[in-house]
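In the block that follows, a single chain appears as structure tokens, in the form predicted on its own.
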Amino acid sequence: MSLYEHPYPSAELAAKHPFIPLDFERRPEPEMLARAQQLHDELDQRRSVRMFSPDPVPAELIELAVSTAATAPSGAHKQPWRFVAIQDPQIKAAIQQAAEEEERVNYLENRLNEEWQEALAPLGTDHHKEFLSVAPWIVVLFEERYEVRDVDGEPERRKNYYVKESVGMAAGMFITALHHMGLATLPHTPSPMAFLSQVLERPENERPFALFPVGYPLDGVQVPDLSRKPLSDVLVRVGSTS
């Protein structure tokens, strides 16, 4: 029997796991196109920023950005992400110090190979990461490698599925949410990142995925004059085009 003959779960499945009707509005195609174009145009203005204003950002905005990111799909709906938001100047300074030490080795002691350094050259980056102290917030995204549940007072380890894929989608939605509300960020991945687990005292089942300084761009800041690949370079259509 085809699924499409009965687009709802069997009585046996529904008895074990509740289902609800999908709340979905099918829009006219002209409206869909207009909404799609508006979102594209807005996100096409998004740029990573490395110089931030120290002006404060309300905690509510950070919370909403994380709440939005947490709507991302995830393997088996395990939601294997943890966002750690830091506003404390001392903790931000500790993160900056540790990140700069790792990046100093990368840039000055040739841990980055020649090809990697050549790729980074147009961005004008080096081992100095002042933005980690200047930006009013740092949000560190951790991937939950496995779940730990409390079962009768004892910890029980459960597998999470497609962890990196799930956390990557949440990271993209976090960046999108920040840009949409009028904030800037920079996905920063100092390598290695184990120091973040130590500074932030995270449990063993969590691993750093990326950190995001969050705030307003510094007035007058300039960004590299870069262009994105055209659609023809990123989209491949296979089969009928009708």
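Everything quoted here is computed from the prediction, not taken from an experiment. Residue numbers run from 1 along the displayed sequence.
In what follows, reference is made to the form predicted in complex with ligand IYR, a form of this protein that is not presented.
Taking the partner from elsewhere, E101 is found to have every heavy atom lying beyond 4.5 Å of ligand IYR in the predicted bound form.
Among residues of the shown chain, T189 is one whose heavy atoms approach ligand IYR to within 4.5 Å in the predicted bound form. Contact check for D126: a non-hydrogen atom falls within 4.5 Å of ligand IYR in the predicted bound form. Interface residue remark: L120 is counted as part of the site for ligand IYR in the predicted bound form, having a heavy atom within 4.5 Å. You can rule out all but one of 103-111, 139-147, 168-176, 155-163: in the predicted bound form, only 103-111 has residues with a heavy atom within 4.5 Å of ligand IYR.
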